[in-house]
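A lone chain, given as structure tokens: the form predicted alone.
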Amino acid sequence: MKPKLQQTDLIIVGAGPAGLSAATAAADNGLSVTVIDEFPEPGGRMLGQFHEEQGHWWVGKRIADELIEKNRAQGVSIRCGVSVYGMLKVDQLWEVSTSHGTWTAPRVLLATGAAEIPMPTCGWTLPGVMSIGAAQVMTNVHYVKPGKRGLIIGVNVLAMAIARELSVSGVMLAGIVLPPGGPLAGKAALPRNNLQVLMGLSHLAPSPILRFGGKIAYALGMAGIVSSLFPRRGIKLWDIPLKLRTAAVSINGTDRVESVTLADVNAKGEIIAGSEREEAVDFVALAGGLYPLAELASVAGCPFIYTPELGGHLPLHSERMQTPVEGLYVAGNITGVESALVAMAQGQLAAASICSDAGVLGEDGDRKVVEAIGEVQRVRASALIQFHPGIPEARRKIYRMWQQTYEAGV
């Protein structure tokens, strides 16, 4: 017997900042909306995020609760613990196959977010080794410390942001160090490249002097000079030692993490012989960065574009959040890794685009879409957390490619 189809005006896959923001905006304009997410509760990664921004604390859990309340008040159906495993366009409707039956709708928004990049390291299968995101969830969502004393391997925006959260939550960290050199780590193991990234994040520094100095060094392209002068013992950020000339050689232990072997490295990321030493820790957080979680867009037949500034391969889409596949839209980190604030603005833009295409906005459709585009640009320009340099130009490149695709009639 064929399973019963459950029909709605809009299906949103992903109950994070982009999906929830899009749902409330679409429902406000009269669309019936179903939000599907595989996790047990809505909110996505917002549930574990908080950071200091413009003199106040931005708390993701609080924002998520507000969005969830708005959605439920507007009659949005939020279905959690439901996995999507297939998408197929049949006539004018999308059939979205899930672990709890099949939903149909003329339009689908993919707001599936991003996933962490694995970073294999010698000893990484020991109990007590986890991704940096897992440490964040344990601490900020479940209120369980990942251990008594830990070490973060990997220097990137994700590592810095979560290290700050862990420190505020009372988790003791021995430091943040580089991954071991090799083809898997690539440029992430090079002191100069990591310093270049940190200079672009100088606005996050705890000291005004560091913020000012970082901006000057970044503007003058002085990463090579500064990295050679960077102290081997590192510098402290939020009382966490940041060691750009130290790499983790191996994670050690019998039945669990007991220590990490550290060593000094040269400018090429090569181990300096005789500098090895042990750091006693009982947990290790691996920070490999994020990439867009876009498999469902591929299943739906959407073409992809490789954009390293935005995290890797992502679905080709317009500035209106449309894909070349009719009735399929994207928003949030599936379109490139940025902050939750940008994802929320993109969700509202996607909703405006969807409602305009559905004809429910009348003559105001184009105007509201243009206004939403302007809001995304404003939020992006003022976002405290920038995961990669060159995001605005990368976005323009994607939209140029979209225009070329559209003009070619593809």
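Numbers follow the displayed sequence, beginning with 1. Owing to the predicted nature of the structure, the values given are computational and were not obtained by experimental measurement.
Keep in mind that the form predicted in complex with a small molecule is not shown, yet the notes after this line are about it.
Here the chain stands by itself, but in the predicted bound form one stretch of 166-174, 265-273, 330-338, 297-305, 330-338, has heavy atoms within 4.5 Å of the small molecule. In summary, among the residues Leu109, Ala114, Ala287, Ala248, the only one with a non-hydrogen atom within 4.5 Å of the small molecule in the predicted bound form is Ala114. Screening Asn71, Thr121, Thr323, Gln136 for any heavy atom within 4.5 Å of the small molecule in the predicted bound form leaves a single hit, Gln136.
At least one heavy atom of Ala15 is located within 4.5 Å of the small molecule in the predicted bound form. Taking the partner from the other structure, the small molecule in the predicted bound form has no heavy atom within 4.5 Å of any heavy atom of Gln92. Not displayed here, the small molecule is kept clear of Leu316 by more than 4.5 Å at the level of heavy atoms in the predicted bound form. Under a 4.5 angstroms non-hydrogen atom cutoff, the small molecule in the predicted bound form has Leu293 among its neighbouring residues. Highlighted residues Leu349, Ser356 and Tyr399: none comes within 4.5 Å of the small molecule in the predicted bound form, counting any heavy atom.
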